[in-house]
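First, one chain by itself: the form predicted on its own, in C-alpha coordinates.
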Amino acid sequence: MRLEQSKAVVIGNGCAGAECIIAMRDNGYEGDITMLTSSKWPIYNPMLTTYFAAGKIEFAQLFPYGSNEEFTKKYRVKIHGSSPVISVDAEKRWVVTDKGLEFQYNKCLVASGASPFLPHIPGIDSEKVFTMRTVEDALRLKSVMETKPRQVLVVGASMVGVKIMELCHQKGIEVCLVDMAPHLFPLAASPQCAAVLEERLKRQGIRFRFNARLGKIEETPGGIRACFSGSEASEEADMAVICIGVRPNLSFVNHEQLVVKKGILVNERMETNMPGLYAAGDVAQGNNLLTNQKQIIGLWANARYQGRTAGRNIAGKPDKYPGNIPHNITHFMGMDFISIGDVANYDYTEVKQHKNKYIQLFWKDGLLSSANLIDEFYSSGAVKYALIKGLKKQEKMKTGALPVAQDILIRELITEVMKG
(Lines give C-alpha, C1' and ligand atoms only; values in the text may rest on other atoms or scores of the structure.)
Protein backbone atom coordinates (compact mmCIF):
# COMPACT_ATOMS: atom_id res chain seq x y z
CA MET A 1 0.00 0.00 0.00
CA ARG A 2 1.01 3.61 -0.53
CA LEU A 3 0.40 6.16 2.20
CA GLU A 4 -0.58 9.67 1.18
CA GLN A 5 -1.33 12.69 3.30
CA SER A 6 -4.38 14.81 2.52
CA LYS A 7 -5.79 17.44 4.82
CA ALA A 8 -9.28 16.73 3.49
CA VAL A 9 -10.74 13.61 1.87
CA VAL A 10 -14.12 13.50 0.13
CA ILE A 11 -15.56 10.03 -0.45
CA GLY A 12 -17.91 10.05 -3.43
CA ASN A 13 -18.25 12.21 -6.54
CA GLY A 14 -21.91 13.17 -6.30
CA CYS A 15 -23.58 16.50 -5.68
CA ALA A 16 -22.86 16.53 -1.92
CA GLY A 17 -19.16 15.89 -2.44
CA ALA A 18 -18.86 18.46 -5.20
CA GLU A 19 -20.67 21.15 -3.23
CA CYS A 20 -18.54 20.42 -0.17
CA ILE A 21 -15.37 21.04 -2.16
CA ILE A 22 -16.78 24.21 -3.76
CA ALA A 23 -17.83 25.56 -0.35
CA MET A 24 -14.41 24.77 1.12
CA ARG A 25 -12.61 26.74 -1.57
CA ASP A 26 -15.18 29.56 -1.52
CA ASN A 27 -14.61 29.92 2.23
CA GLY A 28 -10.84 30.17 2.09
CA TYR A 29 -9.75 26.56 2.57
CA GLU A 30 -6.21 26.26 1.16
CA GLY A 31 -5.31 22.70 2.17
CA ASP A 32 -5.04 19.65 -0.07
CA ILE A 33 -8.32 18.02 -1.09
CA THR A 34 -8.61 14.45 -2.39
CA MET A 35 -11.78 12.98 -3.89
CA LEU A 36 -12.12 9.18 -3.92
CA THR A 37 -14.83 7.55 -6.01
CA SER A 38 -15.78 4.17 -7.44
CA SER A 39 -17.04 5.92 -10.59
CA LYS A 40 -14.96 6.49 -13.70
CA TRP A 41 -17.27 9.33 -14.76
CA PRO A 42 -17.26 13.03 -13.88
CA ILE A 43 -19.77 14.22 -11.26
CA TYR A 44 -23.24 13.45 -12.63
CA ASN A 45 -26.87 13.88 -11.64
CA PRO A 46 -28.64 10.48 -11.25
CA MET A 47 -32.01 12.17 -11.73
CA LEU A 48 -31.03 13.02 -15.33
CA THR A 49 -30.23 9.46 -16.40
CA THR A 50 -33.81 8.74 -17.49
CA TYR A 51 -33.84 11.93 -19.58
CA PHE A 52 -30.67 10.83 -21.37
CA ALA A 53 -31.99 7.30 -21.91
CA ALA A 54 -35.15 8.84 -23.39
CA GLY A 55 -33.11 11.04 -25.73
CA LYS A 56 -34.32 14.27 -24.12
CA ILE A 57 -30.84 15.53 -23.21
CA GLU A 58 -27.35 15.06 -24.63
CA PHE A 59 -24.77 12.91 -22.88
CA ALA A 60 -22.72 15.93 -21.76
CA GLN A 61 -25.75 17.31 -19.90
CA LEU A 62 -25.52 14.47 -17.39
CA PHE A 63 -22.48 16.20 -15.90
CA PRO A 64 -23.48 19.58 -14.40
CA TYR A 65 -20.00 20.29 -13.01
CA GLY A 66 -18.19 19.67 -16.30
CA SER A 67 -15.32 17.26 -16.86
CA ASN A 68 -13.00 15.98 -14.13
CA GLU A 69 -10.24 18.04 -15.69
CA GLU A 70 -12.31 21.22 -15.43
CA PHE A 71 -13.38 20.51 -11.86
CA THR A 72 -9.85 19.54 -10.80
CA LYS A 73 -8.34 22.72 -12.21
CA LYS A 74 -11.01 25.09 -10.90
CA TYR A 75 -11.13 23.77 -7.33
CA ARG A 76 -7.62 22.36 -6.95
CA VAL A 77 -8.69 18.84 -6.05
CA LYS A 78 -7.07 15.50 -6.84
CA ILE A 79 -9.62 12.95 -8.07
CA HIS A 80 -9.03 9.20 -7.89
CA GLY A 81 -11.66 7.65 -10.14
CA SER A 82 -12.47 3.93 -10.31
CA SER A 83 -10.99 3.69 -6.82
CA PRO A 84 -13.70 2.68 -4.36
CA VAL A 85 -13.06 3.10 -0.65
CA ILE A 86 -13.01 -0.24 1.18
CA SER A 87 -12.52 0.96 4.74
CA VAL A 88 -12.54 4.06 6.94
CA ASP A 89 -10.95 4.07 10.37
CA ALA A 90 -12.52 7.11 11.99
CA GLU A 91 -10.40 6.80 15.13
CA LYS A 92 -7.09 6.82 13.25
CA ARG A 93 -8.52 9.10 10.53
CA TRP A 94 -7.50 6.61 7.88
CA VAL A 95 -9.05 5.80 4.48
CA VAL A 96 -8.12 2.81 2.30
CA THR A 97 -9.12 2.17 -1.34
CA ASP A 98 -9.20 -1.06 -3.31
CA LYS A 99 -6.26 0.25 -5.37
CA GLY A 100 -4.01 -0.03 -2.34
CA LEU A 101 -4.02 3.69 -1.60
CA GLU A 102 -4.10 4.87 2.02
CA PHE A 103 -4.93 8.40 3.06
CA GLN A 104 -4.59 10.01 6.44
CA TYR A 105 -6.86 13.01 6.84
CA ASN A 106 -7.66 15.88 9.17
CA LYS A 107 -11.23 16.15 7.86
CA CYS A 108 -13.26 13.70 5.82
CA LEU A 109 -16.71 13.79 4.19
CA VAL A 110 -18.59 10.56 3.47
CA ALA A 111 -20.81 11.32 0.47
CA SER A 112 -20.74 8.00 -1.35
CA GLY A 113 -24.34 8.17 -2.57
CA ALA A 114 -26.72 5.27 -3.07
CA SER A 115 -27.21 2.28 -5.37
CA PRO A 116 -30.36 0.68 -6.76
CA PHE A 117 -31.88 -1.94 -4.49
CA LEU A 118 -32.42 -5.37 -6.04
CA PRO A 119 -34.46 -8.06 -4.28
CA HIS A 120 -32.69 -11.32 -3.52
CA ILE A 121 -34.72 -13.51 -5.85
CA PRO A 122 -33.85 -16.11 -8.50
CA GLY A 123 -33.09 -14.60 -11.90
CA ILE A 124 -32.41 -11.06 -10.72
CA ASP A 125 -28.92 -11.21 -12.29
CA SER A 126 -30.30 -11.86 -15.79
CA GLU A 127 -28.89 -9.70 -18.57
CA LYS A 128 -32.49 -8.85 -19.41
CA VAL A 129 -32.96 -7.14 -16.05
CA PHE A 130 -32.05 -3.45 -15.87
CA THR A 131 -31.77 -0.73 -13.22
CA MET A 132 -31.67 3.05 -13.56
CA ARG A 133 -29.31 5.14 -11.44
CA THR A 134 -25.81 5.34 -12.90
CA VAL A 135 -24.33 6.52 -16.17
CA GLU A 136 -23.74 2.86 -17.05
CA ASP A 137 -27.43 2.14 -16.40
CA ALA A 138 -28.47 4.97 -18.71
CA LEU A 139 -26.13 3.92 -21.51
CA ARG A 140 -27.27 0.30 -21.26
CA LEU A 141 -30.98 1.15 -21.26
CA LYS A 142 -30.62 3.64 -24.11
CA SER A 143 -28.83 0.99 -26.16
CA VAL A 144 -31.46 -1.70 -25.63
CA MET A 145 -34.27 0.77 -26.36
CA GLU A 146 -32.77 1.26 -29.81
CA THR A 147 -33.51 -2.42 -30.51
CA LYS A 148 -37.22 -1.54 -30.16
CA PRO A 149 -38.48 -4.05 -27.59
CA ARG A 150 -42.21 -4.79 -27.81
CA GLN A 151 -43.00 -5.18 -24.11
CA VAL A 152 -41.30 -3.89 -20.96
CA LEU A 153 -42.08 -4.76 -17.36
CA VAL A 154 -41.34 -1.90 -14.94
CA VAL A 155 -41.10 -3.07 -11.34
CA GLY A 156 -41.62 -0.20 -8.93
CA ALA A 157 -44.33 2.49 -9.04
CA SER A 158 -41.76 5.09 -7.97
CA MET A 159 -40.67 8.43 -9.42
CA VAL A 160 -38.02 6.62 -11.45
CA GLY A 161 -40.45 3.86 -12.39
CA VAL A 162 -42.95 6.27 -13.96
CA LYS A 163 -40.20 7.98 -15.96
CA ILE A 164 -39.19 4.60 -17.41
CA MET A 165 -42.86 3.90 -18.06
CA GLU A 166 -43.13 7.23 -19.91
CA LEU A 167 -39.98 6.50 -21.91
CA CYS A 168 -41.43 3.19 -23.09
CA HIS A 169 -44.85 4.64 -23.86
CA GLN A 170 -43.38 7.43 -25.98
CA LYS A 171 -41.50 4.84 -28.04
CA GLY A 172 -44.66 2.86 -28.65
CA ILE A 173 -43.64 0.02 -26.33
CA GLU A 174 -46.29 -1.83 -24.36
CA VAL A 175 -45.57 -1.37 -20.68
CA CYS A 176 -46.88 -2.89 -17.47
CA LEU A 177 -46.11 -1.15 -14.17
CA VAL A 178 -45.88 -3.54 -11.21
CA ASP A 179 -45.59 -2.87 -7.48
CA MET A 180 -46.18 -4.76 -4.26
CA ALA A 181 -47.95 -1.66 -2.93
CA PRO A 182 -51.67 -1.10 -3.56
CA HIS A 183 -51.27 2.05 -5.66
CA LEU A 184 -49.00 4.41 -7.57
CA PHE A 185 -46.37 6.39 -5.61
CA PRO A 186 -47.06 4.50 -2.35
CA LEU A 187 -44.70 6.70 -0.30
CA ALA A 188 -45.69 10.04 -1.82
CA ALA A 189 -49.34 9.88 -2.90
CA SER A 190 -52.51 9.21 -0.96
CA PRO A 191 -54.78 6.42 -2.27
CA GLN A 192 -57.27 9.07 -3.47
CA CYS A 193 -54.66 11.06 -5.36
CA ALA A 194 -53.06 7.91 -6.78
CA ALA A 195 -56.46 6.79 -8.09
CA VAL A 196 -56.77 10.03 -10.08
CA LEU A 197 -53.31 9.57 -11.60
CA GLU A 198 -53.90 5.90 -12.36
CA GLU A 199 -57.17 6.60 -14.15
CA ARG A 200 -55.50 9.20 -16.37
CA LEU A 201 -52.67 6.79 -17.18
CA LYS A 202 -55.03 3.93 -17.96
CA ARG A 203 -56.73 6.13 -20.52
CA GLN A 204 -53.32 6.49 -22.19
CA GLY A 205 -52.86 2.73 -22.37
CA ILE A 206 -50.78 2.02 -19.26
CA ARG A 207 -51.46 -1.29 -17.52
CA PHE A 208 -50.93 -1.71 -13.77
CA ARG A 209 -50.48 -4.69 -11.51
CA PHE A 210 -50.51 -3.74 -7.82
CA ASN A 211 -50.27 -5.86 -4.66
CA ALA A 212 -47.81 -8.03 -6.57
CA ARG A 213 -44.58 -9.14 -4.89
CA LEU A 214 -41.92 -10.22 -7.36
CA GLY A 215 -40.88 -13.81 -6.59
CA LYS A 216 -38.53 -14.79 -9.41
CA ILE A 217 -37.54 -13.95 -12.96
CA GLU A 218 -37.12 -16.61 -15.59
CA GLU A 219 -35.49 -16.12 -18.98
CA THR A 220 -37.56 -17.19 -21.98
CA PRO A 221 -36.60 -17.44 -25.67
CA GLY A 222 -38.23 -14.07 -26.24
CA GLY A 223 -37.31 -12.27 -23.01
CA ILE A 224 -38.34 -12.80 -19.38
CA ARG A 225 -41.19 -14.18 -17.33
CA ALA A 226 -41.84 -12.53 -13.96
CA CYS A 227 -43.50 -14.71 -11.33
CA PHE A 228 -45.15 -13.31 -8.23
CA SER A 229 -45.50 -14.69 -4.71
CA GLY A 230 -48.91 -16.22 -4.06
CA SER A 231 -50.09 -15.86 -7.65
CA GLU A 232 -50.13 -18.20 -10.64
CA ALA A 233 -50.51 -15.29 -13.08
CA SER A 234 -47.10 -14.32 -14.43
CA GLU A 235 -46.07 -11.42 -16.67
CA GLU A 236 -44.00 -11.86 -19.83
CA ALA A 237 -41.95 -9.14 -21.48
CA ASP A 238 -38.81 -8.60 -23.50
CA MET A 239 -37.08 -7.11 -20.45
CA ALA A 240 -37.62 -5.84 -16.92
CA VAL A 241 -36.50 -2.59 -15.31
CA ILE A 242 -36.28 -2.65 -11.50
CA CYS A 243 -37.06 0.71 -9.84
CA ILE A 244 -37.91 -0.17 -6.23
CA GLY A 245 -35.62 2.24 -4.44
CA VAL A 246 -32.01 2.73 -3.44
CA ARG A 247 -29.76 1.90 -0.51
CA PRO A 248 -26.88 4.07 0.79
CA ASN A 249 -23.36 2.96 -0.13
CA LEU A 250 -21.93 2.28 3.31
CA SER A 251 -20.17 -1.09 3.00
CA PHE A 252 -16.85 0.50 4.01
CA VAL A 253 -18.15 2.12 7.20
CA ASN A 254 -17.19 0.74 10.61
CA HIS A 255 -20.48 0.49 12.49
CA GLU A 256 -18.63 0.05 15.78
CA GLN A 257 -17.25 3.56 15.38
CA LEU A 258 -20.06 5.43 13.65
CA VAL A 259 -23.69 5.73 14.70
CA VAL A 260 -25.57 4.33 11.72
CA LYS A 261 -29.25 3.49 11.33
CA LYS A 262 -30.58 3.62 7.77
CA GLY A 263 -27.81 6.12 7.15
CA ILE A 264 -25.11 7.90 9.11
CA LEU A 265 -26.57 10.16 11.80
CA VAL A 266 -25.42 13.78 11.51
CA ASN A 267 -26.09 17.00 13.37
CA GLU A 268 -26.90 20.40 11.85
CA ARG A 269 -23.22 20.91 10.99
CA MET A 270 -23.17 17.56 9.13
CA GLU A 271 -20.84 16.15 11.77
CA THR A 272 -21.00 12.48 12.71
CA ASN A 273 -20.28 11.21 16.22
CA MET A 274 -16.59 10.88 15.27
CA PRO A 275 -14.42 14.03 15.32
CA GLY A 276 -13.31 15.20 11.90
CA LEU A 277 -15.76 12.98 10.03
CA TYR A 278 -18.78 14.41 8.21
CA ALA A 279 -21.54 12.89 6.08
CA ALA A 280 -23.91 14.34 3.48
CA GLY A 281 -26.32 13.34 0.74
CA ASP A 282 -27.90 9.91 0.32
CA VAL A 283 -25.81 8.38 3.12
CA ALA A 284 -26.74 10.95 5.80
CA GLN A 285 -29.71 11.00 8.13
CA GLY A 286 -30.33 14.68 8.77
CA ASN A 287 -33.34 16.47 10.24
CA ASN A 288 -36.85 16.04 8.88
CA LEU A 289 -38.45 19.35 9.82
CA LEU A 290 -41.94 17.86 9.91
CA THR A 291 -41.20 15.05 12.35
CA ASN A 292 -38.06 16.37 14.05
CA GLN A 293 -36.62 12.92 13.40
CA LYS A 294 -33.46 11.86 11.59
CA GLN A 295 -34.16 10.76 8.02
CA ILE A 296 -32.44 10.28 4.68
CA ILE A 297 -34.09 12.77 2.32
CA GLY A 298 -32.88 11.74 -1.11
CA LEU A 299 -33.17 15.03 -2.96
CA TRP A 300 -30.57 16.78 -5.11
CA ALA A 301 -31.23 20.09 -3.32
CA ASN A 302 -30.88 18.45 0.09
CA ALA A 303 -27.54 16.91 -0.91
CA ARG A 304 -26.38 20.30 -2.18
CA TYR A 305 -27.21 22.11 1.06
CA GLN A 306 -25.75 19.36 3.23
CA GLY A 307 -22.55 19.31 1.18
CA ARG A 308 -22.18 23.08 1.34
CA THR A 309 -22.74 23.07 5.09
CA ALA A 310 -20.10 20.39 5.60
CA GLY A 311 -17.67 22.31 3.38
CA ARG A 312 -18.08 25.56 5.29
CA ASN A 313 -17.52 23.84 8.61
CA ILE A 314 -14.46 22.01 7.31
CA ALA A 315 -13.13 25.38 6.12
CA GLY A 316 -13.53 26.77 9.64
CA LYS A 317 -16.63 28.86 8.91
CA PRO A 318 -19.29 27.55 11.33
CA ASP A 319 -22.60 26.90 9.63
CA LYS A 320 -25.79 24.96 10.27
CA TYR A 321 -28.34 23.33 8.01
CA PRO A 322 -31.56 22.86 9.99
CA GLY A 323 -32.99 20.18 7.71
CA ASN A 324 -35.57 19.75 5.00
CA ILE A 325 -39.07 18.53 4.23
CA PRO A 326 -39.61 15.47 2.03
CA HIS A 327 -41.02 16.69 -1.27
CA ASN A 328 -41.18 15.37 -4.79
CA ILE A 329 -42.00 17.13 -8.04
CA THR A 330 -42.20 15.16 -11.26
CA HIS A 331 -43.64 15.63 -14.72
CA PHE A 332 -44.72 12.60 -16.73
CA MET A 333 -47.24 11.67 -19.42
CA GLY A 334 -48.45 15.28 -19.64
CA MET A 335 -49.05 15.66 -15.88
CA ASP A 336 -47.36 17.36 -12.95
CA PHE A 337 -47.41 15.56 -9.60
CA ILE A 338 -46.20 17.19 -6.40
CA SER A 339 -45.99 15.63 -2.96
CA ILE A 340 -44.94 17.61 0.10
CA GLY A 341 -44.58 16.13 3.57
CA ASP A 342 -45.77 12.79 4.94
CA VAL A 343 -49.19 11.95 3.50
CA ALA A 344 -49.55 8.94 5.82
CA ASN A 345 -49.59 10.94 9.06
CA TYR A 346 -52.65 13.18 9.46
CA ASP A 347 -55.87 13.73 11.43
CA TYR A 348 -58.09 14.68 8.53
CA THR A 349 -57.89 15.55 4.85
CA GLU A 350 -59.79 17.55 2.27
CA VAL A 351 -59.83 17.34 -1.51
CA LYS A 352 -60.50 20.05 -4.07
CA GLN A 353 -60.82 19.26 -7.79
CA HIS A 354 -61.49 21.51 -10.76
CA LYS A 355 -61.02 20.35 -14.33
CA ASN A 356 -57.53 18.81 -14.47
CA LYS A 357 -56.39 20.37 -11.18
CA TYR A 358 -56.34 18.33 -7.98
CA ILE A 359 -55.38 19.47 -4.49
CA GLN A 360 -55.43 17.29 -1.40
CA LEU A 361 -54.42 18.83 1.91
CA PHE A 362 -53.61 16.90 5.07
CA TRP A 363 -53.95 18.36 8.57
CA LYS A 364 -52.34 17.27 11.83
CA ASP A 365 -53.04 18.87 15.20
CA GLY A 366 -54.78 21.76 13.48
CA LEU A 367 -51.86 22.55 11.19
CA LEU A 368 -51.19 21.79 7.56
CA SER A 369 -48.88 18.75 7.54
CA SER A 370 -48.66 17.63 3.90
CA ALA A 371 -50.16 17.98 0.44
CA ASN A 372 -50.66 16.25 -2.91
CA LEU A 373 -51.05 18.39 -6.02
CA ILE A 374 -51.76 17.42 -9.62
CA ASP A 375 -51.23 19.94 -12.41
CA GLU A 376 -50.74 22.75 -9.91
CA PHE A 377 -46.98 23.17 -10.04
CA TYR A 378 -46.91 26.89 -9.22
CA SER A 379 -48.75 26.44 -5.92
CA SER A 380 -46.24 23.97 -4.48
CA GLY A 381 -43.93 26.71 -3.20
CA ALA A 382 -46.73 28.42 -1.28
CA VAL A 383 -47.81 25.13 0.28
CA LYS A 384 -44.27 24.26 1.34
CA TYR A 385 -43.87 27.75 2.77
CA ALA A 386 -47.02 27.27 4.83
CA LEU A 387 -45.66 24.04 6.29
CA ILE A 388 -42.31 25.60 7.17
CA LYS A 389 -43.96 28.72 8.60
CA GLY A 390 -45.98 26.57 10.96
CA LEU A 391 -42.96 24.57 11.99
CA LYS A 392 -40.72 27.53 12.77
CA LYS A 393 -43.07 29.56 14.97
CA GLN A 394 -43.58 27.24 17.89
CA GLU A 395 -44.82 29.93 20.27
CA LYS A 396 -47.63 31.01 17.96
CA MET A 397 -48.63 27.40 17.53
CA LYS A 398 -49.42 27.26 21.24
CA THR A 399 -51.60 30.37 21.16
CA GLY A 400 -53.76 29.14 18.32
CA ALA A 401 -52.99 32.16 16.13
CA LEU A 402 -50.89 30.26 13.62
CA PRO A 403 -53.45 27.65 12.61
CA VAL A 404 -55.81 30.50 11.67
CA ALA A 405 -53.08 32.20 9.64
CA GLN A 406 -52.25 28.96 7.90
CA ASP A 407 -55.88 28.24 7.23
CA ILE A 408 -56.37 31.64 5.59
CA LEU A 409 -53.23 31.29 3.48
CA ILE A 410 -54.13 27.85 2.17
CA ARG A 411 -57.80 28.61 1.57
CA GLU A 412 -56.89 31.74 -0.39
CA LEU A 413 -54.57 29.57 -2.43
CA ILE A 414 -57.29 27.01 -3.15
CA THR A 415 -59.75 29.74 -4.11
CA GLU A 416 -57.25 31.22 -6.54
CA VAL A 417 -56.40 27.81 -8.01
CA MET A 418 -60.00 26.82 -8.57
CA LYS A 419 -60.76 30.02 -10.45
CA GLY A 420 -58.75 28.67 -13.36
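Nothing here was measured: the structure is a model prediction, and the numbers come from that model. We number the residues from 1 along the sequence you see.
Not pictured, yet referred to below: the form predicted together with a small molecule.
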is_contact(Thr50, the small molecule) in the predicted complex, heavy atom dist at most 4.5 Å: yes
Residue contact check: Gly311 to the small molecule in the predicted complex, 4.5 Å heavy atom: no
The small molecule contact in the predicted complex: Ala23, any heavy atom under 4.5 Å: no
Partner proximity in the predicted complex: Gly263 to the small molecule, non-hydrogen atom cutoff 4.5 Å: no
Candidate stretches 41 to 49, 372 to 380, 55 to 63, 348 to 356 - the one whose heavy atoms come within 4.5 Å of the small molecule in the predicted complex: 41 to 49
In the predicted complex, the one of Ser83, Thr72, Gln104, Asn288 near the small molecule [non-hydrogen atom within 4.5 angstroms]: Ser83
Interface residue in the predicted complex among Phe252, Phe208, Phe130, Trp94, criterion: non-hydrogen atom within 4.5 angstroms of the small molecule: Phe252
